[in-house]
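Below, in structure tokens: the form predicted on its own, a single chain.
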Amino acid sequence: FGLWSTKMFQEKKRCCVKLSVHPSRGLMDEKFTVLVQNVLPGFQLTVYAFYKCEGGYSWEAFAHYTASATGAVNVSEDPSRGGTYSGVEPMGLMWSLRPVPGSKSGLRMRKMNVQTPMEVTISVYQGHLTEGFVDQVPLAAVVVERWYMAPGVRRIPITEGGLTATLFLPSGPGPFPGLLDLWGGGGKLVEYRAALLASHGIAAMALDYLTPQITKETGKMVDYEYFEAAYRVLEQHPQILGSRIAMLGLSFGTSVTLRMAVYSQVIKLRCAVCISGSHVQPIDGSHLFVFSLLSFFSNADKTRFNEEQHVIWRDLLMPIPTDASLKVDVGRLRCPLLLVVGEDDQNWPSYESAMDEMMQRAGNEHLLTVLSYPNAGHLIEPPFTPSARASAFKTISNTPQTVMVLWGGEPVAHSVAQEDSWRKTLVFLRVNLYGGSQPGAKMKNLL
């Protein structure tokens, strides 16, 4: 009878526990509130998040809570006592997601199909658990959808001009300001950031410029005319404001963005955003030469390894050269520039490449806004994306190899950087792409 009573009590608790997530469907950069109700005051519980990505790998996050005197836990207001994060972290269940125990090493979470949502299961368990969740029956569970594409956003593959690209148009007739979105040295067509930007009213084109179809067919790397062709597609599109186009680059994408913003006779940017990159590059070289030179540097003596044998490439461009021919002359920049850097970037010397003094000497420092984040790493992505301090990286070369690269960043600080920089990036883009005719608004007052 005692065993039967215990089981009945547990079943009753399971039936009575109420778990709600609001909103249960929303954009990836939208916060949600997790609320547990109808538990005993002082009750110890674990809130658990589980996600199975498109590659088949499983990710989890969990946190330990103690119910209030009213028998409730509000994840947005109550502190976690342990788990994959501690303290009051409203979105900790998303940004602290990590591969489940036993997964292959070097995983990095990236949404490949932006036309489907991330489906994350939020569950509540009795007690403070740290493992064995699949063997336990949750007290309650809710499936949460997080989207990169808002309703009405249109995804349009682009192949004209030899491009490998995808254009995302916001909902509505337009015309919209445009943006060219460049990722880094890993290549491939990465769409999720462009889709999210379109969800906020900016027509964004994700561009593959290292592994596009034309390179696969010819074996030749594209040159700077390729980026100009992509710009013209945006400029001439009937639903895009041709005089209001920006570029956004991360890592090697920053190198391209700065070069095109300063030297291209075709690309006339309204503004630019550069994340975790550098202006250091030989300005007389072709795109192939610049990329090959940086790839050559990766085999140089300045490459370091940490105790886990993760590759550290941040010293390759150090010290920042004094030779003007080895740096983009950002003193010639004529559009507002937002520079986002993580001070623990272990892949590029982005913190040392802030360019303040160079632009100050040229008298255009009013165009520069720098967001610098202590203890943030290289991969500063849209908010609530799980950080990867290190991950597997496949080099692009005649003899590609997979290496474990150290990106840097402490989880909490990196999460703060992603959330803060994304919000300020959207403000920067809206001011300069939707604002008046005079570029160069005093962004420090707006951010």
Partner chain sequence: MHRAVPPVISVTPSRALVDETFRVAVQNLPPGSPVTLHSLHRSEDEDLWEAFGHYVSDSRGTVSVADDFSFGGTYTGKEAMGLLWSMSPVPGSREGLRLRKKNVCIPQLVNISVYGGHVEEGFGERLPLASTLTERWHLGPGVRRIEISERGVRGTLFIPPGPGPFPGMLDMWGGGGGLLEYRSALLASHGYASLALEYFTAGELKSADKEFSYFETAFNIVREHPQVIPDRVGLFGLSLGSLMASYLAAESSVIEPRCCVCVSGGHLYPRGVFCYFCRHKLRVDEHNREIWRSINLPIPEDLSQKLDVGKINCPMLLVNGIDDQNWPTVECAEDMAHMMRAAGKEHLLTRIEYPDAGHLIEPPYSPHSRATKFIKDGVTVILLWGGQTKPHADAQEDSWRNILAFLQKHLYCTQNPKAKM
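Numbering follows the first chain given and starts at 1. Nothing here was measured: the structure is a model prediction, and the numbers come from that model.
Same protein, other form: the form predicted in complex with the partner chain, not shown, and the subject of what follows.
With respect to the partner chain in the model of the complex, the three residues 83, 220 and 393 uniformly fall beyond 4.5 angstroms at the level of their nearest heavy atom. When the partner chain is considered in the model of the complex, residue 171 lines it closely, a heavy atom lying within 4.5 Å. Put simply, residue 18 is close to the partner chain in the model of the complex: some heavy atom of it is within 4.5 Å. In the model of the complex, the partner chain sits within 4.5 Å of a heavy atom of residue 27. Although the partner is absent here, residue 175 is a contact residue: one of its heavy atoms lies within 4.5 angstroms of the partner chain in the model of the complex.
The stretch in contact with the partner chain in the model of the complex, judged by heavy atoms within 4.5 Å, is 132-140, chosen from 312-320, 132-140, 364-372, 335-343. Note on contacts: among 87, 152, 127, 102, the single residue with a heavy atom within 4.5 Å of the partner chain in the model of the complex is 152. Proximity to the partner chain in the model of the complex, defined as a heavy atom within 4.5 Å, holds among 37, 44, 58, 68 only for 37.
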